[in-house]
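Next comes just one chain, in structure tokens: the form predicted on its own.
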């Protein structure tokens, strides 16, 4: 296909724009500028074989290695479907792309969701049917919101992870030591004031001020992946993945050993991030050594990740296998190194819960707050709590001996 033919048809730019919007909905950083560049590049290079067209768009739309898989799936799905409807796309796809041996189902599902999110589709639904589905969706949403993660099916867990990714994360702010220009700041900025005086020839000196910079405090998460927490670990990791997109988050897994998975969880694709985290930890669904894991964190990682006075989220049920005298000391050391220590315990979903277990009794005096975390509603409450002041209302009463 020549450039002249594509320009005469008049649909090439429109299709590339729809394709760029689909990629943006799938998570790629594709803005209007890149779409215009892609249209210009295709018009300049001409459209010959499908492979040439593929790599031309790939060069414009893919900027990171992990985005290449999403682009590949989106390209095959988007251009294949439209090829049956438009002559232009048929000319753009003269050769079928060979199928890969291993289908990446997670990426394909995300791409399909992006394409069906109203991008380039023109589906009309009858009005009576829409009303019935809306009532049904509201009912299902209420049930899913309060359903325990441990009782969810695979499809419900997938839907829960999707909703967790769209949670509105806390917007709390904390002052830092770094100063930034601030007209209402308490400190006088002499250097900036002198620079401003030079601009006026020295006739007028405007005093400049600086104030403390505010930004979301970092979060350090310690996630228990032992057998008793196996049903809750993955939804919690999905929550931390969504939280890491908005602030600095350091994540450690512990069962019988401590594993730093901050880098693996930093991947943009949620499915790829969770897969990398799962591959990193070798003690999934095993035993629990809370004291040893906390000691490993305090000795090896505390100085590196708690320098900015973070909020520490401790996800565990506190069911320590071997309780000894070191656990209270390690908890106290962890408390001193952070701004706020929040214990998230799925056992709090039971109304009659009491801190009778030795591990729970040893850890409880050192935490600022203990909250349940077993369903979507509890995660929404956690988000609201992180935005507000410290509260100890959720701490259970002490056990009478």
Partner chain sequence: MTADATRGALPGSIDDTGRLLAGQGYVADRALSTVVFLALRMGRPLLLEGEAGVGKTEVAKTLAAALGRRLIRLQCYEGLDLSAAVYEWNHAAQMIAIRLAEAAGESEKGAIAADIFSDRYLLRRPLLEALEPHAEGPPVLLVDELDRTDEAFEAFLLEVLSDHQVTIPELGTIKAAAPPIVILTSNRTREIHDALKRRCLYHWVDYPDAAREMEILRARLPDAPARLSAEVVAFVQALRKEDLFKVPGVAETLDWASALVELNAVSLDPGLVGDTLGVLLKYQDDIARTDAPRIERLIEEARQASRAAE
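Numbering follows the first chain given and starts at 1. Definition used throughout: the rigid core is the maximal C-alpha set that superposes within 1.5 Å between two forms. Note that the structure is a prediction, hence the values are computed from the model and not measured.
The following text describes the form predicted in complex with the partner chain, which does not appear among the structures shown.
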{"property": "Contact check for 151, 186 and 349 against the partner chain in the model of the complex, heavy atom at 4.5 Å", "result": "no"}
{"property": "Interface residue in the model of the complex among 77, 194, 169, 272, criterion: non-hydrogen atom within 4.5 angstroms of the partner chain", "result": "194"}
{"property": "Contact residue in the model of the complex, from 268, 247, 173, 213 (heavy atom within 4.5 Å of the partner chain)", "result": "213"}
{"property": "Residue 29: touches the partner chain in the model of the complex, heavy atom cutoff 4.5 angstroms", "result": "no"}
{"property": "The partner chain contact in the model of the complex: residue 209, any heavy atom under 4.5 Å", "result": "no"}
{"property": "Any non-hydrogen atom of residue 146 within 4.5 angstroms of the partner chain in the model of the complex", "result": "no"}
{"property": "Contact flag, residue 279 vs the partner chain in the model of the complex, heavy atom cut 4.5 Å", "result": "no"}
{"property": "Segment that reaches the partner chain in the model of the complex - one of 282 to 290, 302 to 310, 233 to 241, 152 to 160, heavy atoms within 4.5 Å", "result": "302 to 310"}
{"property": "Threshold 2 Å Cα movement between the shown form and the other one at residue 29, rigid core reference", "result": "yes"}
{"property": "Displaced residue check between the shown form and the other one: residue 210, CA, 2 Å or over, core reference", "result": "yes"}
{"property": "Cα distance between residue 216 and residue 29, which in the model of the complex differs by 3 Å or more from this form, closer or farther", "result": "farther"}
{"property": "Change in CA distance between residue 29 and residue 273 in the model of the complex, which is 3 Å or more, as closer or farther", "result": "closer"}
